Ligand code: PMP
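Only one chain is given next, in structure tokens, and it is the form predicted alone.
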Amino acid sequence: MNIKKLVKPNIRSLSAYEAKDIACAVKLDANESPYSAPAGQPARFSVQKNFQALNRYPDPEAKALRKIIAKEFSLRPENILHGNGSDELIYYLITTFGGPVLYPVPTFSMYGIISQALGEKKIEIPLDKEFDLDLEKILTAIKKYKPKLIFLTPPNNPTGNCFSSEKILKILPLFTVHCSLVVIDEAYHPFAGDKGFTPMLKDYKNLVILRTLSKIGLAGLRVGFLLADKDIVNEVNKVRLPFNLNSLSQTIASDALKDKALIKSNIRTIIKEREKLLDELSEINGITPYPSEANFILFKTENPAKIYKGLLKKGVLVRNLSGIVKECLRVTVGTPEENRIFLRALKKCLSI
């Protein structure tokens, strides 16, 4: 039996997202925080209680967690929807509103993967030479295709830069004409200097904000959340799978968000190390790093495949993005020691 004959055409031509587990001493490929955000004593006590009650389903509405998030962003719980990471919420948004789905490229690959998986039209608009939004092409595409969803990611992955706020603010008001929801994915916002777009939720009913705990030391929890007008939340909630966020994740995330002192301290350290790493990379012949407001740095080199393999042989894993951004690799900002190991290994690879 040829199983592919049973598969829908849009899935048959789809490539699965690969999150490879490659053995290495220094892991700098996945934009994770090098620091864990351990739960405090109250959370450990609650986790122990949860272990004794794992025969019961978790709170389907994640009420305690949503209340904490709402307080942090000066919103109401009905403006919050919880997800098993941002990926799940992206899936729900496209399931709920359909396509066409517009986004710039290169950017987070799941916008395109999920759109194709759900059989929705993808509209990909290349970034300009500065890795910023090509506003003219985007506005032309919006007028022509009338996308239901527009995904924008400041800071952007894999380029690391924030898109021009002025350009985004010219896209947001188009809702009255083209009925598009603008989804601002702020996964890397904690490492950027501005306040982000959350304060604008009250001004734009078509604005949706995505946030995640994955980049700030809690990637293993798989906790993401959506901020939006309650009418949007209500519609997306219709397709949310029941009990999508487990009890342990809800408990630990709630505790971490109640006392974010350690997380904030770690973020400050990562930003400081990012700037040092940028300076160091700028001094290396054959390396061109791009400015970053995220927790990673994209850099260009003449032979990325060779450098990638050379680094891996020395126990350092980075991400080879040369198929997406010409001649580029991406390195996550690690601990000071991990960054020193990476720089030493990179210099050795370049000298071979």
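Position 1 is the first residue in the sequence shown; the rest follow in order. Quick caveat: nothing in here was measured; it's all calculated off a predicted structure.
The next section is about a form of this same protein that is not shown, the form predicted together with the ligand.
Novice: Within 4.5 Å, heavy atoms only: does Ala187 come near the ligand in the predicted complex?
Specialist: Looking in the predicted complex, residue contacts with the ligand include Ala187, since a heavy atom lies within 4.5 Å.
Novice: So in the predicted complex, does any heavy atom of Lys122 sit within 4.5 Å of the ligand?
Specialist: Answer no; every heavy atom of Lys122 is more than 4.5 Å from the ligand in the predicted complex.
Novice: Taking any heavy atom pair closer than or equal to 4.5 Å as contact, tell me whether Arg222 reaches the ligand in the predicted complex.
Specialist: Close contact exists here: in the predicted complex, Arg222 approaches the ligand to within 4.5 Å, heavy atoms only.
Novice: When the contact criterion is heavy atoms within 4.5 Å, does Lys215 count as touching the ligand in the predicted complex?
Specialist: So Lys215 counts as contacting the ligand.
Novice: Can you confirm whether Thr269, Thr332 and Thr335, the three residues that make up this candidate site, all sit within 4.5 Å of the ligand in the predicted complex, judged by heavy atoms?
Specialist: Negative, none of the three is within 4.5 Å.
Novice: Within 4.5 Å of the ligand in the predicted complex, counting heavy atoms only, one of 153-161, 260-268, 95-103, 233-241 shows up; tell me which.
Specialist: Correct option: 153-161.
Novice: Among Glu273, Asp229, Asp132, Asp87, which has any heavy atom within 4.5 Å of the ligand in the predicted complex?
Specialist: Contact check passes for Asp87.
Novice: Just give me the single entry in Phe108, Phe175, Tyr145, Phe73 that has a non-hydrogen atom within 4.5 angstroms of the ligand in the predicted complex.
Specialist: Contact with the ligand in the predicted complex is made by Phe108 alone.
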